[in-house]
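Have a look below at one chain only, the form predicted alone, in structure tokens format.
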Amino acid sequence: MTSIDSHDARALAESLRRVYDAVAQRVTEENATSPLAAKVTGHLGRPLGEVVVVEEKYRLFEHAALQLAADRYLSAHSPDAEWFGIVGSDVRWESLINLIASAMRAGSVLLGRPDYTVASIGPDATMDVIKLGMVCTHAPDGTPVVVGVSNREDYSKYALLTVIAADRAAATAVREEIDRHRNELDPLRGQVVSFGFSEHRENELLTFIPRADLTPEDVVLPDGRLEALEEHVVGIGRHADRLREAGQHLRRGLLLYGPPGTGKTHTVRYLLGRRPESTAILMTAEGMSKIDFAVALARRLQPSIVVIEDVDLIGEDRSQFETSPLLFALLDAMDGVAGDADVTFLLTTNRVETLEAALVQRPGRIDLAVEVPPPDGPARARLVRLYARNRPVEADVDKVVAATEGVTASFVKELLRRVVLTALRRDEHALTDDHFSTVLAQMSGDSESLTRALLGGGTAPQPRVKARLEPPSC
């Protein structure tokens, strides 16, 4: 092996260094003038090292509102501006400023067209939103800025607003104006949404739900109770401004209690329909750990209603069960809403006796509790005709009522569904005593004992019900 002396080694190393520096300089010069870097720095009038970046994170379900806000901003400040995108690997994981720096440093990303994705804005409506893109525009004072919207992933998924400018005040002004538009244009406002939460990176699962269109005749409650509920939920909101002027609070808590199947959920759907301008947020059991987030959203999108069904599952009496942190989260969230906020907490429970006393007795949390009992005789008669819908009832309704003593509204609803189905199978239109007798006999059998329990069948129907429902002889 031929040896090399130290002088030659140093000369070779110096030659290699000059070659490396020349190549690096050439690559840097080429990338510095890349279309992506040139588009950004050329618009800002500053090299990348002298710009300021202002960012704001939004939850994924807020992406549509962010897009609407950005579009509103552009229409006011640069209506002819066009979005452009970035092409390259791992664009979901890097910030926009780092991607631009990568284009200058190594040419690993290129100027391209924006990426789009789809966001829900209603039960049956969607819109296209920018998944990764930037646009050259101006701040309210005329300072050149670059606005970017992207979906990012690190420990969680979120939508990111990025504003790049030579001046921090200009970038902040853009961010604040876009955020104001987002609040004004939020498609969640006035919607009925259900929130669940996944353990995977704390993702929020949002579902839009059609708002029910129910009339007072569709809700069967003891006399006066529906009117009291409507006055509490709807009436207070109707006079919100005058109540504020009079120094009265608007925040309210309503508790519906009664056995399963008596119509609490149905009553909730009616009340939501009576306030079509309100934002309704339905919390699932899985999502209760995020109740503080839901309440913050309700405050922002008021007038609003926060619905927590089966609250007894999180609020059982502490004297018998371990203290529930979810109960404390609920109480703290209710206490944290200002009195002048038009926010209604609508809670339901099947077991009011197990609820923590602090939830149902402390003033300022629940100010109206209404029982939804099993339907009495007149109510069952109304339910029979209600659930018959467009079918004439020629049966003896009094006998049907007598045969269904103690059942819930859910039981009557299923009874009528089966009665109508029986009539359809026989190609008959009117609902007769024989139809009811046949179905009640089936539902009273031993094979349907669990069904009766699930539907709230009470102590009826009893055997021999068919004989009681047979039409009298002539």
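Every value quoted in this text rests on a predicted model; they were computed, and no experiment measured them. Note that residue numbering begins at 1 and tracks the sequence as displayed.
Unshown form predicted together with a small molecule; subsequent notes refer to it.
- The single contact residue among Thr344, Ser150, Ser278, Thr262, judged by any heavy atom lying within 4.5 Å of the small molecule in the predicted bound form, is Thr262.
- The single contact residue among Ala171, Met283, Val192, Leu221, judged by any heavy atom lying within 4.5 Å of the small molecule in the predicted bound form, is Leu221.
- Interface residue remark: His266 is counted as part of the site for the small molecule in the predicted bound form, having a heavy atom within 4.5 Å.
- Although the partner is absent from this view, Phe208 stays clear of the small molecule in the predicted bound form, with no non-hydrogen atom inside 4.5 angstroms.
- Although the partner is absent here, Ser444 is not a contact residue: none of its heavy atoms lies within 4.5 angstroms of the small molecule in the predicted bound form.
- In the predicted bound form, the small molecule sits beyond 4.5 Å of every heavy atom of Tyr270.
- None of 71-79, 382-390, 336-344, 236-244 except one has non-hydrogen atoms within 4.5 angstroms of the small molecule in the predicted bound form; the exception is 382-390.
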